[in-house]
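Below you will find one chain, with nothing else, as structure tokens; this is the form predicted on its own, and questions on how it binds or moves follow later.
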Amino acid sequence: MGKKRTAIVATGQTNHRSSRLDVNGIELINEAVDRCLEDGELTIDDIDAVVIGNMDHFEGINYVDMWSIDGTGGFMKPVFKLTTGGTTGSTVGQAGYYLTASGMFDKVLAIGWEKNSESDTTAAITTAFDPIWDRLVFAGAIGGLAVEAMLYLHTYGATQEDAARVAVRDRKHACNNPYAQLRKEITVEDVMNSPMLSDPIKLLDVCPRTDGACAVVYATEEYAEKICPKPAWFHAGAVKHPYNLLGDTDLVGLRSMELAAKEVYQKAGIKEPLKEIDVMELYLPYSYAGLSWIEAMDLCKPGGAPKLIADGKTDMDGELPINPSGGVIATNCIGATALLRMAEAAIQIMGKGGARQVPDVKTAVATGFGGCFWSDMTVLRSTKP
């Protein structure tokens, strides 16, 4: 059996907030699932299999696949649980693709979720790293990112204001997204005057903690255009998790992203990404990633990102809009975050973005980030592969 053409045909997401006291975790998941099925005019009976993921040590629920069954609708269906840290959402999304493209199932529901208000996020992240070699010096997420940020500033002579412009852009874009958690514009001065967390990272440089969920439906070619008039066809994917110890990571440039970009560009035939890609939804958990990591994706030469950002090339009306949804700096329900990037990329292809829609999108890219500076990347298009 050969590989089948596969597309995202429906998406759904919750109203993301810092704390959703009105729902429990199962109800949060169900909110995204119901909206996704409604988007595709489907019922749960149309779904052949379910893939779900979150950071299971956050909420302390081991068998999420079983526990969440009333929310996912997976009763008496094949249900798969996947968790790969911050990249969980993109892992779930890519699994949805492989389960349909392989011909095992025709319609697969992929779900990512997190209820961060019910977890000790930093303590939980710390347990992901080796207790002897990594945990004492890279506890939580912020320390490692601060080292990477400081190295970028010193290597390329960039300024903290250069990074702040990334947060300003994404927070402005988030004002167009009715689902985003943080929907208020900020200025460079606001970022610079916000409390220091870990030099040089300040409070408004980083993402929030969010309660939220996302769901997408993948369908094979036989069903895709019957469900959605403009499916988001899966053209290329790459999963790059090259390290298991943080100490092995080169923090000048994101090597895993370089590898992922090289692979998907080759698969999708992209030679000049800045010109050929219409929109990007990137997993940027803090502002400095919006500089270094787009250089790893070959949007510009190393050290060139500050000018690209300052010139507005990645704004909504720029050459290549990045994060029309507001991205991770506006919403970060971690187990869903990377799947949200894929869903938002698909929404742009489908033309369903409303106020955050980029005109005439034919090629969209989504990324995931997590673990030991791992990267996942996906290329979706309006045309069949």
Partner chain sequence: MENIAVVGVGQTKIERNKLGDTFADMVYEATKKALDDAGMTMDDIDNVITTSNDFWDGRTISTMAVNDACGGGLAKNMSAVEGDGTFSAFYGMARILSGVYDTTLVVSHVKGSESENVLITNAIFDPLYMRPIGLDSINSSALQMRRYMTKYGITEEQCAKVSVKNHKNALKNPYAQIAMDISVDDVLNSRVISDPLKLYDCSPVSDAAAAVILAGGDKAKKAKKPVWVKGVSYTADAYFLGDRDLADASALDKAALEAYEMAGIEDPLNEIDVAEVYDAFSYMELMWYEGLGFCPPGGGGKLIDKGITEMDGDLPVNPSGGLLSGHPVTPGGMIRLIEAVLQVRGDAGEHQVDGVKTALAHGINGACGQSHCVWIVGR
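Positions refer to the first chain, counted from 1. Quick caveat, the model's predicted, so the values are computed rather than measured.
Missing here is the form predicted in complex with its partner chain; even so, the following discussion is about that form.
Q: Heavy atom within 4.5 Å of its partner chain in the model of the complex: which of 44, 320, 358, 61 fits that? Just give me the one.
A: Looking at the other structure, the residue within range turns out to be 61.
Q. Which residue, 198, 187, 160, 83, has a heavy atom that falls within 4.5 Å of its partner chain in the model of the complex?
A. Comparing distances to its partner chain in the model of the complex, the residue within 4.5 Å is 83.
Q | Stretch in contact in the model of the complex with its partner chain, which is absent here, among 101 to 109, 147 to 155, 283 to 291, 205 to 213 (heavy atoms within 4.5 Å) | A | Partner-contacting stretch among the options: 101 to 109.
Q: Answer yes if any heavy atom of residue 142 is within 4.5 Å of a heavy atom of its partner chain in the model of the complex; otherwise answer no.
A: No.
Q | residue 57, heavy atom within 4.5 angstroms of its partner chain in the model of the complex | A | Because a heavy atom of residue 57 falls inside 4.5 Å of its partner chain in the model of the complex, the answer is yes.
Q: Check whether residue 65 has any heavy atom within 4.5 Å of a heavy atom of its partner chain in the model of the complex, and answer yes or no.
A: Taking the distances in the model of the complex, the answer for residue 65 is yes, it comes within 4.5 Å of its partner chain.
**Q.** in the model of the complex, residue 298 touching its partner chain (heavy atom, 4.5 Å)
**A.** Output for residue 298 is no: heavy atoms all beyond 4.5 Å of its partner chain.
**Q.** Stretch 350 to 385: residues contacting its partner chain in the model of the complex, 4.5 Å heavy atom cut-off
**A.** 371, 372, 374, in sequence order.
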